[in-house]
Structure formats: structure tokens, C-alpha cells
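Before any questions on binding or motion, here is one chain by itself as C-alpha cells, the form predicted alone.
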Amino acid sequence: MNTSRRRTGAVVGILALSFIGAACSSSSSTKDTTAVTTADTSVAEETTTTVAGLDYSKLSGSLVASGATFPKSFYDEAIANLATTAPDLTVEYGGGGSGKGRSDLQEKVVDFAGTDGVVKAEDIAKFTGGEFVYVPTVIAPITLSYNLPGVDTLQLSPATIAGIYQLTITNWNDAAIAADNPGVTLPDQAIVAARRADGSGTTENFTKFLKAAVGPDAGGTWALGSGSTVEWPAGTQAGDGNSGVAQLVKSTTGAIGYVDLSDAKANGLTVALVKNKAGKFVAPTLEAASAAAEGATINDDLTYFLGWADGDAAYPIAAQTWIIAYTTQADPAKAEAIRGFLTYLLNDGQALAATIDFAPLPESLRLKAIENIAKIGA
């Protein structure tokens, strides 16, 4: 099994699969919710050739996708690990950001899209292929990665993070940062706040965390709102994708940026502990992301938000991600290919997640996601 942490460019996986079973009805539009726990997140550790009537040996054709860079290394690894299984189906995931993925799917430029954010109600009508379904895939922390020689441990509260990104805190020896880090010698070094240039689900989850933790409704100072794009102050620095922000941080002394854990590790970045809702400073680990998922409220369409979660062990900027695909496909073979690939991600693929710094889905959510996959038909 190939467990490399990073591949550059688009990775094309060759895989053969076949799916036995008819498509179900389109996804529910109701908003009843259910609690999902992480009591059982175990998955099979070996790749199998059949899963509940699914045979990974007979599907053919090609799938093209774009979207969120947050889970891209997971998707690339899953595709690559299936490359030798069978030669008849190619899958390419091009990244580009959640906004690009949603836009590409709207115009049916791609077969499915990756997104870390939920489609806005006013944008649903833009999807020219009709109804679509959310399929959650993995969870992971969004790190606050920084480049500050001599400071190996850094703690940041939400209010301090808000000040850094609103440029009211501009130097590393600011009193607010010092208050978060008693006993730590902080340098007289200008802060470079790095953020995404593209429409990004990572940005959406990061800003939703700040809005929940220190926004106006929480009695705080965060004034930029939340979304896949926000009006950042002119003095912030922009990078394309998670990897672009990671490179900005890596190459710039004094920089800090919000980056997924996989890209942070791949670039050798140092990450901060972030103060959570319970008042604890928590490191961005997979265990802390899973702790944030305990008892999460999941909507009927399988949308949910993990940021600013309850619990002493919860990392406060944990994030979720989905693949979205149209429930009605023009080509039955294409529908079969999409169902097959997504079924792999939700079964064998879950065992790959931790090797590239993602946590598998809670078991109850994984099973619900498989039900959503079955809604994709022709």
C-alpha cells in the first residue's frame, strides 16, 4: 500500500469496480436532526474486492472531479491505492477549492465535487443537474500553523486569532499573545497573516469558528462574518489552496496561516494549540477532531458543523468535508462508477485516512453516508 503523504498535481487512479443495486429516492429536504457518536469508528484494515454486493473489479469509464483542497491528499491517496486493483476506470480529482468544485458541478463540468462548506440556499437553483446529495468522507483539524523561530510552543485564544486576522494585533510580542502564553519569550516580530485567495471551505470553517467563538452574538470582536470568501483586510497575504497558504507560512518568518493538518505536516510546519469552548488549549490532533464529533448534530441531508464544539478534549477548529453529486445521472454506467468510487471511500478508504492525517467518520455517520450514495442513479 502506498502511504506517501503528498502528490503534486492531479493524481489519476485506475480502478475497476461494479455496483449491484438500484438507486433510491432523492435526498430529503427536511431539517430534522440526529445525534451521531464516535463510539465505533473501526473499519477494515485490508482492501477487499467485495463490499455488501459491490465488486471492485468490473466497472469501466472515467470520473473527473474538482473542489476542496482540504481533503485532496485523502482522495489522491485513495485513488492511488486502487490504481493497481483494476485497469478499467480512471478517477481524477483536480482540487481548486470548494468554491470551484461547487461552480464546476453547477455547470456539469465535473462528475462530482468536493466541498467543505454547505451550498447556500440561494445557490441551489444554480445546479443545472437538479438535486444533489451530500456524502461526508472524513474529518480533520484545521491548524493555526506559524513560522516563529525560537517559539516551539504557542497557545492562541479565539479572541487573539480574531485580532491577528483583523490586523488589530500586528506584532508577536503583543500583550494579547503574551497573555495566552505566560512565561514564553515572544519576539519583536511583525505578524504576517496568511489566508486563502480562492473560495474555500477551509476559510468557511475557520471563519464560522471565529463567528461562533468571538462574533457579535458571542459578545466578541470578530466582525468579518463567515463564508467561503470574506473581505479580509488589505494587509493579509493570500495563497491558493491549503498548500499555497502552507508555502506562505513556511517561506515567511513571522507568518501564521490556517492550514489543514495534512498540508501542515507535509510542509513541516509548527502548529499552535487553540483555546476551546471549555477553556482548554488543545493541539490539532485527529483524536481532538474526533472528540469534536462526539454528539455532533447531523441534519437529514448529512450536513453538519464541527467547529466550536463542546468538550474538554475537543479541538475547536475541527472540520468536515463532503463529496456532492447529482442524484440523477444521464448515464447509468456513470452513476454506477460514482456509487462505486464513493462506496470505496466510505469502506476501504476509511482505513487509509489516519495514514495521511485524517480521521475516519463516526460509524453511525458512515452508515448514513452509504445510504446517501445509494440515492445516486440514472
Partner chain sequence: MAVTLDDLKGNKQLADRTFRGATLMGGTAIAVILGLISWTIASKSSLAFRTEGLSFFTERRWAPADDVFGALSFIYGTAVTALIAVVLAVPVSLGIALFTTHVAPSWLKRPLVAMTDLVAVVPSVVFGLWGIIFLAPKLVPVFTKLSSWSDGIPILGSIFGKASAGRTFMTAGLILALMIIPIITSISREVILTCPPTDSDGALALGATRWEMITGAVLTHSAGGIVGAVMLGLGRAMGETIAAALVIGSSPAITANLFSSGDSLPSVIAFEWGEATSDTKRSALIAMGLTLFLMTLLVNFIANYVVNRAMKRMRGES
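Numbering follows the first chain given and starts at 1. Bear in mind the structure is a predicted one, so any value in this text is a computation, not a measurement.
There is also a form predicted together with its partner chain; it is not shown, and the following applies to it.
Query - in the model of the complex, segment of 276 to 284, 139 to 147, 233 to 241, 156 to 164 with a heavy atom within 4.5 Å of its partner chain - result: Stretch 233 to 241 is the one.
Query raised in the report: Among 99, 228 and 247, does every residue place a heavy atom within 4.5 Å of its partner chain in the model of the complex?
Result: Every listed residue reaches its partner chain in the model of the complex, so yes.
**Report entry** its partner chain: the contacting residue among 267, 85, 221, 103 in the model of the complex [heavy atom, 4.5 Å]
**Finding:** Residue within 4.5 Å of the partner: 103.
**Report entry** in the model of the complex, the one of 151, 271, 169, 197 near its partner chain [non-hydrogen atom within 4.5 angstroms]
**Finding:** In short, 197.
Query raised in the report: Wondering, does residue 126 line up within 4.5 Å of its partner chain in the model of the complex on heavy atoms?
Result: Yes, residue 126 is a contact residue.
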